[in-house]
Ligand code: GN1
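Shown here is one chain on its own, the form predicted on its own, set out as structure tokens.
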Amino acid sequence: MDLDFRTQAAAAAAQFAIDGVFDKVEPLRVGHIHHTFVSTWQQADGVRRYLHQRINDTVFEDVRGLMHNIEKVTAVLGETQHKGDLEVLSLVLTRSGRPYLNHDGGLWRTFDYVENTDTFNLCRDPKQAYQAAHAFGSFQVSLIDLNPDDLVEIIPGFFSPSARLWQLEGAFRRNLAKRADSVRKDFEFIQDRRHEVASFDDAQRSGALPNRVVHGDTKLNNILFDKASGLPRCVVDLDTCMSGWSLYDFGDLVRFTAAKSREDAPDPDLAGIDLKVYTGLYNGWIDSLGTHMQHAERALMPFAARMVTMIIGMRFLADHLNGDVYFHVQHEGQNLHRARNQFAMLRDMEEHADRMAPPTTGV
């Protein structure tokens, strides 16, 4: 499969508006959704690289809407971030001027490759946590004047706890992969927390969680850090930029970045929240976005961390029950490991609720 996709990637790359002589293309194993490759080109001023993705149109059925959102968001970022420290992810059009390509039955898109950067799956320290939160908060601020209604809802119910709970219950009931009996305790863990979903619905109805244009996937590894300075250079993976509740990005950032173990670690007993990293995230978010936040939003930041952790756990468990059709897996049970780590982290957040609301120490 990799060889087939690599051949397709090379053929697709030639149809984007890239100058120079093609050298090679190599797979880049990142993310859960798309197949990603990096091509190298010899150009007049030296060697340049580009990032190509075969879009997963099973997950993103409305590719036209998806690319509309990315074009809209990058255009606004180009206008608002030029005064800041963050670079804007640059979309490369096809030679016919389109944002994506239909080649040999696959849909492809291309971005400039951001050189001399690192990504991290585990947070180094509270200082890096602060920088990451400040970068994602600044990203949301840059889009604050973009009307959420101008973006397409790519995946209906993507940010909704009620929708995710309904999907999990449906997956458990259908039991397509015949795994329901082995995850009954995990399912009951969520059922015991249905009141959290009701609390979220109340917060949205009251306006305490207003809608904004959000990133929607604020994992630490969706920030490119400059190798020389160690500072954030660019926010990437814009697929889920759309209208969403304001604190979703903060919650997702906490559940990934403040985790004590990697997302798919096989032992959930090692999972939990690093409270020092959490404090760094909280302070970075407040320092970048705080003036745009309502008082009620600030108070709900710990709740958002728990809520998004629960949402992502439900998504992983539902995919496990459905036979691993959404998230890429390298082995059977990987989505179950992911789900159980989220649930263990959620339990740890509940036990340390008094220390999470709200921290005031600096970094």
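The numbering used is simple: start at 1 and walk along the sequence shown. Fair warning: this is a prediction, and the values are worked out from it, not measured in the lab.
The same protein also exists as the form predicted together with the ligand; that form is not shown, yet it is the one meant from here on.
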- prompt: the ligand isn't shown here, but in the model of the complex which of Thr240, Ser142, Gln128, Thr279 has a heavy atom within 4.5 Å of it?
  reply: Thr240
query: Among the candidate residues Val63, Val329, Leu51, Val59, which is the single one with a non-hydrogen atom no more than 4.5 Å from the ligand in the model of the complex?
result: Val59
- prompt: Does Arg298 reach the ligand in the model of the complex, with heavy atoms at most 4.5 Å apart?
  reply: no
message: Taking the ligand as it sits in the model of the complex, is Asp217 in contact with it (heavy atom to heavy atom, 4.5 Å or less)?
response: yes
message: Taking the ligand as it sits in the model of the complex, is His32 near enough to touch it, meaning that at least one heavy atom pair lies within 4.5 angstroms?
response: yes
message: Taking the ligand as it sits in the model of the complex, is Ile155 near enough to touch it, meaning that at least one heavy atom pair lies within 4.5 angstroms?
response: yes
- prompt: Thinking of the ligand in the model of the complex, which stretch from 285 to 293, 142 to 150, 155 to 163, 226 to 234 has heavy atoms inside 4.5 Å of it?
  reply: 155 to 163
- request: Using the arrangement in the model of the complex, list in sequence order the residues of 304 to 334 with any heavy atom within 4.5 angstroms of the ligand.
  value: Ile312, Arg315, Phe316, Tyr326, Phe327
